[in-house]
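Okay, so here's just one chain, in structure tokens, the form predicted alone.
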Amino acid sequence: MPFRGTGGLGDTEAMPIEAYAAHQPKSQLEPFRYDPGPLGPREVEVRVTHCGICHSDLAMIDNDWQISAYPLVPGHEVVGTVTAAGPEITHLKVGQRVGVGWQCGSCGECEFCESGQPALCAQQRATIVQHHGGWGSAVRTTGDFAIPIPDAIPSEFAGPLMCGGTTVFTPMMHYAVKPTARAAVVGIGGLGHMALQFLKAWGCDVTAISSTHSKEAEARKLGASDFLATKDEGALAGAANRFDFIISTVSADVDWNAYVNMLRPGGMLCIVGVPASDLRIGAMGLILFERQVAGGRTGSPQDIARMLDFAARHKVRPMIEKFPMADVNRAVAHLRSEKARYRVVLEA
């Protein structure tokens, strides 16, 4: 599919965007052309060079969350260059390399937006919810949500950082994880392998937790100083009262009480993966030792910018597999097969 460029700074003339879209739940992606309309005064258009494939994209394709609207253009781990900007955009230039993550807008007026937390805005706009994402030639976003990419991070690695990277890094800042903390990462996959690197670079002593020992050697290379296999008899019980911070990246149901019991007094279990079922956690283990269970998610533009700067300085890199944009269905099938190690990136 021939992708086209766009105009220059202040050029608000709409040109069709070529993309790939799902037209019904669980369908294949098909070529799709749409007119994005005139560029808004605070919007930018970004020519896509790379875009990651996240499990959230698959959930939206399949309508797992019952919020999908079709035709649906996925893609919220976007990296590209600014090709057009509205007249109120002053902080970005045409040709500048930027990333766009899960969020592409907010109201800008509520208490959360005004306090620098637009990710909590009730009127936030998501890049692939009622909005066409980055699996195509270009994507539109409010300018505040186009984040400059540091020169030290190649574009193919920057994409997964825009969602997966900020998902595991933002809780470290928001919950004030100390560099002296004993930390653990549950699940060594698309999120977990980045969490290991971030926590190691943060200064923490990090333990990787997975079902078997198959990923142990890789986890240790990524920064883990210890490894627990949950299928080993007594492995979790033997780690009682050990960790200050546990981040769970898994989407499966696990023994949540066992993980709570692994926390030291005042410790936190942070859940960033979406379990299949609601959590059932006993209250006494929380009350007696002042333990906490919290959620974590992608951060604000400021959070993402800090994450990218940290990743650039400490050489945190996702492990990726690249596919041409035209092979999007093969790339999606590869991720669905659970064979990806660990993030899939489309390249225009």
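Because the structure is a prediction, the values reported are computed rather than measured. The first residue of the sequence shown is number 1, and the count goes up from there.
Not on display, but discussed next: the form predicted in complex with another copy of the chain.
Under a 4.5 angstroms non-hydrogen atom cutoff, another copy of the chain in the model of the complex lacks Gly95 among its neighbouring residues. When contacts are judged by a 4.5 Å heavy atom cut-off, Tyr175 counts as touching another copy of the chain in the model of the complex. None of the heavy atoms of Ser225 is located within 4.5 Å of another copy of the chain in the model of the complex. Another copy of the chain in the model of the complex comes within 4.5 Å of no heavy atom belonging to Leu58. Between 217-225, 110-118, 148-156, 202-210, the stretch whose residues reach within 4.5 angstroms of another copy of the chain in the model of the complex through a non-hydrogen atom is 110-118. Residue-level contacts in the model of the complex: of Val293, Val316, Leu39, Leu29, one residue has a heavy atom within 4.5 Å of another copy of the chain, and it is Val293. Taking another copy of the chain as it sits in the model of the complex, the stretch 282-309 comes within 4.5 angstroms of it through a non-hydrogen atom at Gly282, Ala283, Met284, Leu286, Ile287, Leu288, Phe289, Glu290, Arg291, Gln292, Val293, Ala294, Gly295, Gly296, Arg297.
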